[in-house]
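A lone chain, given as structure tokens: the form predicted on its own.
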């Protein structure tokens, strides 16, 4: 079993929330001389594998960067194909999500998605909202800068001009990720070293792992490698190593 690859000490250090920037579907397809949607389809198939692995290992929150607001600039044919894949995936996985206790959430501006995709996302969210054990969040038509601007506006509408400046605990309630813990680990595939407007505030203290693999090739063993790398790191949150692991007196 996958979880047997972790020691008890490592299990205690596993992340609670993993965000994944699923990159490289198009390049994966191009390397095989196939159309981009072939890569996207194989990328969607890989989602089930990684989500099931996270569930098996005991990671309760997964957030997938599925479609960015900047992706709206892509060709209409590709965008339509991506939305049909999304609809197909949710239709196929809905019963399994209900059975396995997986709750679906979505962040991003869903109103700009095609109506059929909006309906399927909303229906899945509604039908899985009672689940509490495992949480899958899809970032759809999502951009962190726009999210922050909307949060600032929302916060300002609920406070007076003379209010004290907000603390993080107050402000985060106005973000789209309200109710979710901040990500502990951000994984990006395809060897790109950037966050691409993904959870910029929430990932302030997240560890970042970059895999050279394109997303369709990022299998269970690659996910395990990312987790192994994470548990080997020392997370200090601004403190010194000595504050975290006090030196024992001889």
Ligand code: IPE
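Treat the numbers as computed from the prediction; the structure is a model and nothing was measured. Residue numbers count along the first chain shown, from 1.
Keep in mind the form predicted together with the named molecule is missing from the figure; the text below concerns it.
You can rule out all but one of 61-69, 201-209, 177-185, 46-54: in the model of the complex, only 61-69 has residues with a heavy atom within 4.5 Å of the named molecule.
The single contact residue among 121, 136, 82, 113, judged by any heavy atom lying within 4.5 Å of the named molecule in the model of the complex, is 82. Residue in contact with the named molecule in the model of the complex (any heavy atom within 4.5 Å), chosen from 88, 100, 78, 126: 78. At the 4.5 Å threshold, heavy atoms of residue 153 stay clear of the named molecule in the model of the complex, well away from it. The named molecule in the model of the complex comes within 4.5 Å of no heavy atom belonging to residue 221.
Taking the partner from elsewhere, residue 22 is found to have a heavy atom lying within 4.5 Å of the named molecule in the model of the complex.
Taking non-hydrogen atoms only, residue 34 never approaches the named molecule to within 4.5 angstroms in the model of the complex. Taking the named molecule as positioned in the model of the complex, the residues of 184-212 that bring a heavy atom within 4.5 Å of it are, in sequence order, 188, 194, 196.
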